[in-house]
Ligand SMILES: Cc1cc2nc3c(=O)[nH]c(=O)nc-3n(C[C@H](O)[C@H](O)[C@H](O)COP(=O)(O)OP(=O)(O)OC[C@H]3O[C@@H](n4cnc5c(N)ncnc54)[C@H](O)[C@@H]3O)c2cc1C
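Next up is one chain by itself, shown in structure tokens, the form predicted alone.
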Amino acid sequence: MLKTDTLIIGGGLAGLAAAKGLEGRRDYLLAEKEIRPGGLAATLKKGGYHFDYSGHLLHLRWPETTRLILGALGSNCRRIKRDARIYAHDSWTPFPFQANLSGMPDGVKAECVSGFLKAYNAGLGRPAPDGVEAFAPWCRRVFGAGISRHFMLPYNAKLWQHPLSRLTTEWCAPFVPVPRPEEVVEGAYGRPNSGMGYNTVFHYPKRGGIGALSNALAAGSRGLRLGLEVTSVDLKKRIAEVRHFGPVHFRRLVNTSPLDEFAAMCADAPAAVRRAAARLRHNTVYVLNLGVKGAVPPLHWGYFPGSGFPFYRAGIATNFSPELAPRGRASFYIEIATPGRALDLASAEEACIRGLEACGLIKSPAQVEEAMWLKIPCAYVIYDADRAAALPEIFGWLKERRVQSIGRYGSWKYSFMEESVREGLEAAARLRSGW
């Protein structure tokens, strides 16, 4: 039986960072079921194009992770100022909608500004409601009726695929900026508020797509094993079963796979933990990557709250790096969310191309020369009362078993890539200190 001090399940960014933190200091086995590292931070090639699993951008804010990420990429990295917009009412307006209403028709603009000011004045001197608030009433209380109706509610209904009366708001900071009244008025009738939000500036590889980062982090990882799928774990006996490989004995374990799947593979998980894991929900995202001929607008990505568009977001990856496509070509990524049901890809592709033409991102469907669908089965985890009740039960048991479950899916949260890297480094630091 193979033995290792630390078993890391999943070679995405969290797992790769944990391995970096253990390299040369602790024996470890990093088991990644795919034949490439990176998990969803991967890039696939087709017809001269490089396609990511959606828009994977680096928003750097912490010194240690910034040094690791930029050090791994070296000269293969560029820093980019965000150009994100919203398409609504047949018009484009800058992101975030609530602070940049200038592009909207006059009636919509007036409704949104007056609604925000009414909500703001109503809330002066009043404490926020006790307990966790549902997203829909929170939007109306914070942003007012107009902004909620024209963007917040329809967009988030598209994205989450979950009733907004049950979706809770723990995920909102820092992803949903809340402007001051003067910023709302200025963004509607004066200058745009371009510096708002957590992602005003981002980094992206010059060549190779976001997979270049995963490959750089994986370089020199002596414990990384690709094509190794952990199928079951006995945390009491400290034994993992690996498909086509056999048992692995470990002392410590770091999990980065989806928390519900990990709990289900734990042979010694008590019934309460299994019931808790079964209450966790997520949506599924299908990403249509398109290669197109000709010039495209300079924006990085756009949000689409309108029901006339099947997708909630569409981005132009070659505006992050022109090296992702052959000369004179551009590449798009278009995201459609479902609550888990299968998507009719053929009809969805036609609708997406029509949508790109309708909003002016392409001039004609004839520009499209390449397409690749990528599926993210577990995309956004659902924040609701069931999640809030389930996580303490699951993490309490894992802590007793001295297991760390980290990363976007191991922690079961909405986060960004740098946070996954940070959690990997922190997990390694705890292991090095004898956790």
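All residue numbers refer to positions in the sequence shown, first residue = 1. This one's a predicted model, so the numbers in the text were calculated from it and none came from an experiment.
One more form of this protein should be noted, the form predicted in complex with this ligand, which is absent from this view; the next part is about it.
Interface residue among 379, 29, 382, 394, judged by heavy atoms within 4.5 Å of this ligand in the predicted complex: 379. In the predicted complex, no heavy atom of residue 304 sits within 4.5 Å of this ligand.
When contacts are judged by a 4.5 Å heavy atom cut-off, residue 83 does not count as touching this ligand in the predicted complex. Although the partner is absent here, residue 409 sits close enough that one of its heavy atoms falls within 4.5 Å of this ligand in the predicted complex. Using a 4.5 angstroms threshold between heavy atoms, residue 229 counts as touching this ligand in the predicted complex. Judged by heavy atoms within 4.5 Å of this ligand in the predicted complex, the contact stretch among the candidates 258 to 266, 74 to 82, 132 to 140, 91 to 99 is 258 to 266. Counting a residue when any of its non-hydrogen atoms is within 4.5 Å of this ligand in the predicted complex, the hits in 9 to 42 run 9, 10, 11, 12, 13, 14, 15, 31, 32, 33, 34, 38, 39, 40, 41.
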